[in-house]
Ligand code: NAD
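Take a look at this one chain, the form predicted on its own, written out in structure tokens.
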Amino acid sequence: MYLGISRKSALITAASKGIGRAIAEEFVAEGVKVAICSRNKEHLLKTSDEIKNKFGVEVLWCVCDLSKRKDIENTINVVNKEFDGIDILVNNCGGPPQGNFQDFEEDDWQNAIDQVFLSAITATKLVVPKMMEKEWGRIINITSITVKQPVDDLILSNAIRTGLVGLTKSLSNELGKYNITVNNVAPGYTLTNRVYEIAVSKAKEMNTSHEEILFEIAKSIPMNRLAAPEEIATLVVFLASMKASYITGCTIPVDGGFVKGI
């Protein structure tokens, strides 16, 4: 399928590993000019080298702590200068800590808000003016199935990621006249370090193995397995394409049927 985004530019945040990295690779494969960012310089260097070896293409990388507005501003300034604007923004971030309501204090909530919600607002605010000038743009937020069906022990994610759903719907209404689409992708259980860490933590609580926890998670999914990061990435790239030009304001689960609601 011709996606029509070759030579477009994309910034994917938190993209040195996991779902973010898979998204970056899918865009590179489509001929998109790609920039990635992460807090960890070592991981960024490793990822950029591996992408170059795999595709023969350089990706632009920036060290960026998404909880710090200045870091986001610096990253977008660098990418704008290198690519003359950002056509596609993928707001991705690591998940906030596990726990229940009584486990967290106000500072924990604020840190999660900064990381998950305000980072997306800041990045979006900075890229939209150029998109409006060009009358073309794609903003895609990576949320979680927690916005459709809360998950036990993930109170911060359940509460805060849902804010992105309201933001996305509102922005899609405001920006549609500029040919800018805004959507959310809500991954289900995916084979990433984050899910592995959750499995290890639950295994300790339940005095079992993390393999058994992952097996039980897989059993709760109609497709009887966890997703690969690439399966999330393909939807993201499609939503960024010319073929998805009439899809906006949506939150689309990629969860193997895990969410039970209609």
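Numbering starts at 1 and runs along the sequence shown. As the structure is a computational prediction, the values presented were derived from the model and not from experiment.
The discussion below concerns the form predicted in complex with this ligand, not included here.
Position in contact with this ligand when the complex is considered in the predicted bound form, options D65, E50, E212, E230, heavy atoms within 4.5 Å: Checked against the cut-off, the match is D65.
Heavy atom within 4.5 Å of this ligand in the predicted bound form - residue from R69, R194, R225, K46: Exactly one residue meets the criterion: R194.
Touches this ligand in the predicted bound form: G188 (any heavy atom, 4.5 Å): Although this ligand is absent here, G188 would touch it in the predicted bound form, with heavy atoms inside 4.5 Å.
Distance check, G95 to this ligand in the predicted bound form, heavy atom within 4.5 Å: Result yes; G95 sits at the interface with this ligand in the predicted bound form.
A24, heavy atom within 4.5 angstroms of this ligand in the predicted bound form: No, A24 stays farther than 4.5 Å from this ligand in the predicted bound form.
P253 within 4.5 Å of this ligand in the predicted bound form, heavy atoms: It does not: once this ligand is placed as it appears in the predicted bound form, P253 has no heavy atom within 4.5 Å of it.
Heavy atom contact within 4.5 Å of this ligand in the predicted bound form, the stretch among 82-90, 163-171, 143-151, 102-110: Partner-contacting stretch among the options: 143-151.
Residues of 24-63 having any heavy atom within 4.5 Å of this ligand in the predicted bound form, listed in sequence order: Stretch hits, in order: S38, R39.
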